[in-house]
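Only one chain is included here, represented as structure tokens and corresponding to the form predicted on its own.
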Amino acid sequence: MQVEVVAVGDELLYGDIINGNAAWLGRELADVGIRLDTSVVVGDDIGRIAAAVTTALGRADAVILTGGLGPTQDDLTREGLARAAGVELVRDDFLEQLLRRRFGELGRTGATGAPERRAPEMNFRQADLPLGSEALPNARGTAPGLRVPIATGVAYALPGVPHEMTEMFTASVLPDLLRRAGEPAVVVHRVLRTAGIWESAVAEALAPEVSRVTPLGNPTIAFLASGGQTRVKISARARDRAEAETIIAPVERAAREALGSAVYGSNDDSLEGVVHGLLRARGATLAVAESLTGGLLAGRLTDGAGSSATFRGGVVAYATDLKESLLGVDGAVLGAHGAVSAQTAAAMASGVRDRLGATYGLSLTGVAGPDEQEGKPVGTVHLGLAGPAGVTTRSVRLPGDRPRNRAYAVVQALDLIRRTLSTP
């Protein structure tokens, strides 16, 4: 079974609303083994909607549309589907009566703010159906969905309101798709999470395995980069979960061997969660000193419950003089090397470790942007880690703008201590 998604609405094209419906549908379809090869957005235009449906059903078994089912003049999905099917719109009397009763129960107010005894006639455009189609019930709203047979395929039209769309898809569309697809396959995903390595390096390390499995078509390997980390998603389709796990196992094994210590966890593991787990295993604690990240690292470390068992606290020493007065960074170090330097990062880590009484001190200093600092380019970041075995530093050049540089710097810091704690 192959499906395409068409999201309808000028507001999606112009960025007024993010197309979250397509992302949700993509996940739901993938989880039941239904292929989603194409997802497009079209504006509120009958011809473009009809063309998108015709194109989709020229190469797929079904198309799912979201949006454009409301009562106003720019809700044109019904008309677009009728044109694609080559039929007329016909008023469904029974559906109109249901809508009249529904609007009466809602007791909506009119333009003056007074209660309306009669719903505007425009609302009942929602009872106009392409000839030969079937209305899908909407348990959470007024706009009915549609199931429209077109040639050898089928089109489903769902409301654009997310909670209405998800309810209708789950209750009406998904069961029909699975029936049409026959015996559904089980789809199992294994996600390996990496840090401290860019997406291109991950893909290069796994290139031999990708080349091996791609001709097979099952399993598949995808690379998902976000927030300074890269996820490797291995997906397998099978008759049952045990068979899928058997298909995934050799690919996961090869991926872990190729990526080595860059893999910090799998599935729902978080980098900060892994760090806390490693600290607990050692009976150790952590304190942080931040400059360019302004408290983001401490915030990340305290996102989860129970973090107080391993996290002592943090110092945001944003101004250069505070690095000396609060963290004890030697003025001579600041004078010789500047606030943005590996030497200052090392001193900050030692200072916060001593002052907050932690097993480890972790620090960040750098240039978030948009301007250079001390002649250092934007994206320059120095990290320091002080612990029982001494002080180490890591210096990186990050490629983003100010928000991304700050977020990526936090990942680099967490990865630094994660790798240190993972070493026997």
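This structure is a prediction, so every number in the text was calculated from the model and none was measured. So that the term is clear: the rigid core is the largest set of C-alpha atoms that superpose within 1.5 Å between two forms. Numbers follow the displayed sequence, beginning with 1.
The same protein has a further form, the form predicted in complex with another copy of the chain, not shown here; the description that follows concerns it.
Look at 318 to 326, 238 to 246, 78 to 86, 332 to 340: in the predicted complex, residues with non-hydrogen atoms within 4.5 angstroms of another copy of the chain sit in 318 to 326. Proximity to another copy of the chain in the predicted complex, taken as a non-hydrogen atom within 4.5 angstroms, holds for one residue of G260, P149, G304, P162, which is G304. Though another copy of the chain is absent from this view, in the predicted complex it lies within 4.5 Å of a heavy atom of just one residue from G141, G313, P71, G277, which is G313. Contact annotation for the candidate site: I197, P215 and R404 all lie away from another copy of the chain in the predicted complex (no heavy atom within 4.5 Å). Though the partner is left out of this view, T170 does not reach within 4.5 Å of another copy of the chain in the predicted complex, counting heavy atoms only.
Although the partner is absent here, R48 is a contact residue: one of its heavy atoms lies within 4.5 angstroms of another copy of the chain in the predicted complex. Using a 4.5 angstroms limit between non-hydrogen atoms, A30 touches another copy of the chain in the predicted complex. Taking the partner from elsewhere, G273 is found to have every heavy atom lying beyond 4.5 Å of another copy of the chain in the predicted complex. Of all the residues from 27 to 56, those having a non-hydrogen atom no more than 4.5 Å from another copy of the chain in the predicted complex are R27, A30, L36, D37, T38, S39, V40, V41, V42, G43, R48.
The Cα shift for V378 between the shown form and the other one, taken after rigid core superposition, is smaller than 2 angstroms. The rigid-core alignment places the CA of V411 less than 2 Å apart between the shown form and the other one.
Superposed on the core, the two forms barely differ at R212: its CA moves less than 2 Å between the shown form and the other one. Annotation for the pair D31/P215: C-alpha atoms approach each other in the predicted complex, by 3 Å or more compared with this form. In comparison with the shown form, the Cα-Cα distance of V40 and A203 increases by at least 3 angstroms in the predicted complex.
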